[in-house]
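What follows are C-alpha cells for two forms of the same protein chain, given separately as structure 1 and structure 2.
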Structure 1
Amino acid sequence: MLEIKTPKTRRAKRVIEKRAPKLVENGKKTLILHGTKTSNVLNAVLTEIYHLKKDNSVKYTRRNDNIRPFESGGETSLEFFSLKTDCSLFVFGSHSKKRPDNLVLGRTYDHHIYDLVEVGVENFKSMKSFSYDKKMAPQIGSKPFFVFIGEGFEGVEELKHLKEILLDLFRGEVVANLNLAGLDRVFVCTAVSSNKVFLTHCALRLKKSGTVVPRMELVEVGPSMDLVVRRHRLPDDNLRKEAMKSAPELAPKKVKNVSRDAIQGKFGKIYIPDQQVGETALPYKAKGLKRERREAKMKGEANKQVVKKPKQDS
C-alpha cells in the first residue's frame, strides 16, 4: 500500500509549493559555506559576497569536513544542503597549502551539481577599504549592470565558463519591468590574462548630460579581487540540454502571415479572395448586352419577322 504524505499545516504547504519546479522560476538562491580551514581573506570574501546578495542567499558558518566538490563522493552533503536550503548556486571557500584562498563557484540543477569553477583569490580589497560618499552605496537587491572586458572571455574555455557563472551568481532575478531610477551598481570583470580575471564592484552615478541618456560614472565601492582560475568542470552534455530547456508554453505564439526582416522590418501578407469579374455590377449597361434582346435577335434572324419597337428618345 501507499501512504500519502501531505503537509499538516497551510504554512508548510505554501513553503513546499514555493520550492516546487515552476514554469517561470524565481531568482536563484545562493548558499555560502566553507570547508575545514579558511583564511582571513577567504572569510572576508565570503562575508562580502553574502553582503552583496543578502536578499537571496544563505550563509553557513560551521566547518564542513566532507565537502569536496570536485571529488566523487565529496558532493553528497553539498547536494543535501542545496536541497535543504533550496539554493541552486553555491560558493564554497577552502584554504590549503596546495590551493590557498580557494573559492569554488558552482551551480546545481535539480539539486545535483551542474558545473563547477575553482578560482583562487588574490589582491583582495574589502568594502571597508574604499572611501566614498555613503549616499551612493548600492541598495540591497538592486539589478546590477555587468561589464565583461577582454577577449579571454570568448577565446579561453575556462574564462568563458567563469563569465557565465559570475553572471548567474550576481544577476539576481530576471525582471520584465525595470525602474531606471533604481540602477546603482555595476560589476566590472576584466580578463587580464588567460587565467586571471579582475572583478570589482562599482556604484553607479547618473549625471545629467542634456539628453535623455544620462552620463554614467563609476565609483569603486568594493569588494575587488583577482580570480585565478584553477580547476573547472563543465556540465554533462545531456544534463546541459535538459537544463537549457525552455517551456513550450512560454514561447511566443507564431503569428500567421507576419514575417520580419532585418532590413525592411515587419512584413504582412494579406489574402484577398478571387475577384469574380463576371458578377461585378457594371456602371453602364449596354443595351445590346441585355439577354432578351440577344435572344430576340437570334429568333428574329431565324424567323425574319422582327417587330421593331418604336425607339424612345434618350
Structure 2
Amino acid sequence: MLEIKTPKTRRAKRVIEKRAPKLVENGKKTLILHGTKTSNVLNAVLTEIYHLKKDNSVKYTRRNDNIRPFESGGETSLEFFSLKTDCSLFVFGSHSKKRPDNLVLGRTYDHHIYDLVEVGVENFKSMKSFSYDKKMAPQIGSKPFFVFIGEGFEGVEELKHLKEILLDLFRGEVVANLNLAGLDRVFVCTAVSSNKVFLTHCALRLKKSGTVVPRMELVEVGPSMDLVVRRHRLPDDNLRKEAMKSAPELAPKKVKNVSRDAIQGKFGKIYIPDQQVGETALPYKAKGLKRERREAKMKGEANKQVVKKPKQDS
C-alpha cells in the first residue's frame, strides 16, 4: 500500500492548499525543458518562449535523457517535473538527425499527459533580428490578440489541435474584463499548407482615427518561425469529458421565461393578469354621473311622497 504523507509545517500546508482544486482555477503555468541534445536554433526558441511567458513559466536548462513524451514510460520524468512545479503546460525541445529542431507542445491533466503535438521549427527569426522602437515592445502580463488565417484551422485535424494548444500556451490568465491599453500585441498564425503554419509576433500601435475606436497598425517584433506538424496525440474521449467537467456552483442559474438569441439578444415573457376594467376605481367622478344620481334621488323622494298614506283619526 502507498504511504500517505501529511504536511507537518505551516509552509507545507499552504503549498498543498494552494494546489488544491478550486472553483476558479489559477492561470496555467508553462514548463520549458531541454532534451538530450538541442541545437542553437532550438535553444533560442525555448529562451524566447520563456521571455514571452516570463510571468507564469518555469525553465530548466539541464539536459534530460529520460523524457520521451510519445513513448510509453518516457513521460514519467515529465509528469514528475509537472507535479513539482505545478505546471499544466509544457514545451520540450530536442534535436536529432531524424527530427531536427523538434518541439513537443502539450498539456497535462492532474499532472498526467493529456495531449501532445510535435512540430519542427524552420526559418526561425529571433527578436534581435527585428528593428523597431523599443517603446513599442509588448509589456509582461499584457493580453494578446490571436489571428488564425486559413481554412486548415477548421478542416484539418492536426491544425485544429495545434490551434487549441497555441491558444492555451500564449493567452495567459483568463480575465472577465479587459482594458484596451493592455492589448498591445497579436500572434498571427497562417496555415501555409495542411501541415505547416507560419507563426509571427507583432506589436500593436494605436493611432487616432477620428472616432472612439482607434486605428491599429501592426509592427513585427518577433519571434517568427514556421511550424511543421509531425506527430500529434489527442486525448481519450473519457479523459476529455472528465477534464471538461465544471463545478455545479459555476453553472448559470436558469431564469424562467427568459431566452437569448444571436440576433435579438436577450428577451423574455412577462405575465400580466386579466384586468377587470369595470371594477377599477376611478381617480375622479364625472359631473354627468353626479347629475344623474341627483335626478334619480329627487325622483325617488317624489314617489315616496305620493305613495305615503294620510293618518286616520281614532
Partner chain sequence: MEEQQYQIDLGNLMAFDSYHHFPSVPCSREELVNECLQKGTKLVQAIADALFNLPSTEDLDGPIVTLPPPTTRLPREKPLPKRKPPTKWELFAKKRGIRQHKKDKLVYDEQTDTWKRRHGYDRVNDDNDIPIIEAKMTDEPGEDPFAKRRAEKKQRVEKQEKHRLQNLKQASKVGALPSHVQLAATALPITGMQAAPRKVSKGELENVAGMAATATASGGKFDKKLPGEKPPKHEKKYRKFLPVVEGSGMGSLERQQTDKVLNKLISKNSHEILNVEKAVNMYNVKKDKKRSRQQGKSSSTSSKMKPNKKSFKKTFKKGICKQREVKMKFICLTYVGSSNLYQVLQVFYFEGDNVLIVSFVKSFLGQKGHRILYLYQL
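Computed from a predicted model, the values in this text were never measured in an experiment. Reference numbering: structure 1, starting with residue 1. The term rigid core refers to the most C-alpha atoms you can superpose between the two forms while keeping them within 1.5 Å.
- One chain, two forms displayed separately, with the form predicted alone being the second of them, structure 2.
- Met298: CA moves 2 Å or more between the two structures after rigid-core fitting.
- With the core held fixed, the Cα of Arg260 is displaced between the two structures by 2 Å or more.
- Arg62 shows a C-alpha shift below 2 Å between the two structures [criterion: core-superposed Cα displacement of 2 Å].
- At Arg10, the distance the Cα travels between the two structures is 3.3 Å after the core is superposed.
- Superposing the rigid core and comparing between the two structures gives a CA shift of 4.3 Å at Ile272.
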